[in-house]
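Just the one chain here, the form predicted on its own, laid out as structure tokens.
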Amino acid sequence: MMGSCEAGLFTEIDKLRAELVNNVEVMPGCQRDEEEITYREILSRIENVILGIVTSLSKDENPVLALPNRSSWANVSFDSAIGLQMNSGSSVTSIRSDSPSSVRKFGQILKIFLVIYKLVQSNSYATKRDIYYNNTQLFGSQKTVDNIVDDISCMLKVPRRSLHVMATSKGLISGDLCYLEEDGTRIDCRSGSAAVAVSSNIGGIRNIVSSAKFVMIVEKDATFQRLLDDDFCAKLSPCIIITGKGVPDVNSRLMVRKLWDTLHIPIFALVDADPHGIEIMCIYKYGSVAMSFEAHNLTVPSVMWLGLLPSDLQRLRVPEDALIPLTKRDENKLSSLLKRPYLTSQPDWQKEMELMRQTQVKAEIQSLAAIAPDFLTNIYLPNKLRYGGWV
């Protein structure tokens, strides 16, 4: 069925691609300065921080570290070409060495600076997990290490990969895609039944080969596995599907960005029709406050919302027992999303979210199975893609 009308299937997608490519040519390219930062420059920036501490001590003053505040909306601005980016004069949090409440954190930051300095100097790499196990007593939890590495990356204005710190990926990818890892390993994502783990070193990926017409971001692993089981990539070939298994890790976001930079094909998001799903899609498209300092490498403002749209629930007459009432928490999340700076440029998204607020219901992608078990793969997605049902 797919083969005979394949040309018709991609007409709207090809139109969207032409539009997106045209916009890319019009917009000045965002300079990606990651490659320009030499290892000497990184070492020099760390040395300057340490020099500041030594200078304070030599003057009999208590050293203080100033970390950019990565959790405040006041520190970010919205640029439609980049997403959420950190302002240059952002407020900072002072980590004092003479305060009982922050002296431990001061020590943790210095320890991680030491580890990073040695890694960059010796051109070796470690995972955030390695750093945590280097001194579990000092750090107390993996989350402490994760946050401090991002704080240091923000403070030095250096992408985390350039600090030689890797993170284990949780994302999966499948479809019409082959590439080489930095060490020369050839990765083939075309096996229909099994997905490939997203690389831990996206910066090192080269020789990407793909004839995919589009990339589809899938919010949840369960939906992603269902699409694999239903052989979605073969039915709607050629395409690529990727999941960050919920809130995406940095590697999944870097991979989506890498695919956009390399292939310039439409990127669609398939998320639950609920505030949480919408927020996850916004992270891929516009970024997050916490990682706004690295927006240039992480965001893909061209992402389109394919589904599940609140308006789809009415249009498809999804059975009422498959719908879930909005909770107070959902309503608060929805209100907070509607106030975000990037939504003013998305009237169609606003309309969908207002409809959710009005109907007071949400639905998971799996709710489509209440219409028919194979409805998602065989009817919903092919029709959406054929007739341009994205916003």
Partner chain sequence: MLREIQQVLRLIMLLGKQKPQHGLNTERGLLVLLWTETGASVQSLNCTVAAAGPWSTGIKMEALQPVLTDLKESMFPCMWSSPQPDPEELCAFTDLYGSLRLLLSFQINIHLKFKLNQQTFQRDLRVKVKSTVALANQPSRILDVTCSTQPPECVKKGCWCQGGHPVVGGMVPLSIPPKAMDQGLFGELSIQPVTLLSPCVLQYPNLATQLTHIKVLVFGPSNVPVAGPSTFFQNLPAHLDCQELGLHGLHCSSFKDHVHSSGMVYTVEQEPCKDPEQESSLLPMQQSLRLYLFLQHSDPFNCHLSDLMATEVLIEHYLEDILNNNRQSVTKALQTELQNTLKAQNRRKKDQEKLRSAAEVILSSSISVVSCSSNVDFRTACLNSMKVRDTHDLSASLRESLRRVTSWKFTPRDRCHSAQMEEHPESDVATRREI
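Computed from a predicted structure; not experimentally measured. Positions refer to the first chain, counted from 1.
This protein has a second form, the form predicted in complex with its partner chain, left out of what is shown; the following refers to that one.
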* To do: State yes or no: in the predicted complex, is some non-hydrogen atom of Gly89 no more than 4.5 angstroms from a non-hydrogen atom of its partner chain?
  => no
* Decide whether Leu57 counts as a contact residue for its partner chain in the predicted complex under a heavy atom distance cut-off of 4.5 Å. => yes
* Using the partner position in the predicted complex, report whether Tyr117 sits within 4.5 Å of its partner chain, counting heavy atoms only. => yes
* **is_contact(Lys351, its partner chain) in the predicted complex, heavy atom dist at most 4.5 Å** => no
* Structure fact -> Only hit among Ser237, Asn201, Ser99, Thr93 for heavy atom within 4.5 Å of its partner chain in the predicted complex is Ser99
* Heavy atom within 4.5 Å of its partner chain in the predicted complex - residue from Ser345, Gln360, Asn62, Ser335 -> Asn62
* To do: Can you check 68-76, 108-116, 254-262, 145-153 and let me know which stretch has heavy atoms within 4.5 Å of its partner chain in the predicted complex?
  => 108-116
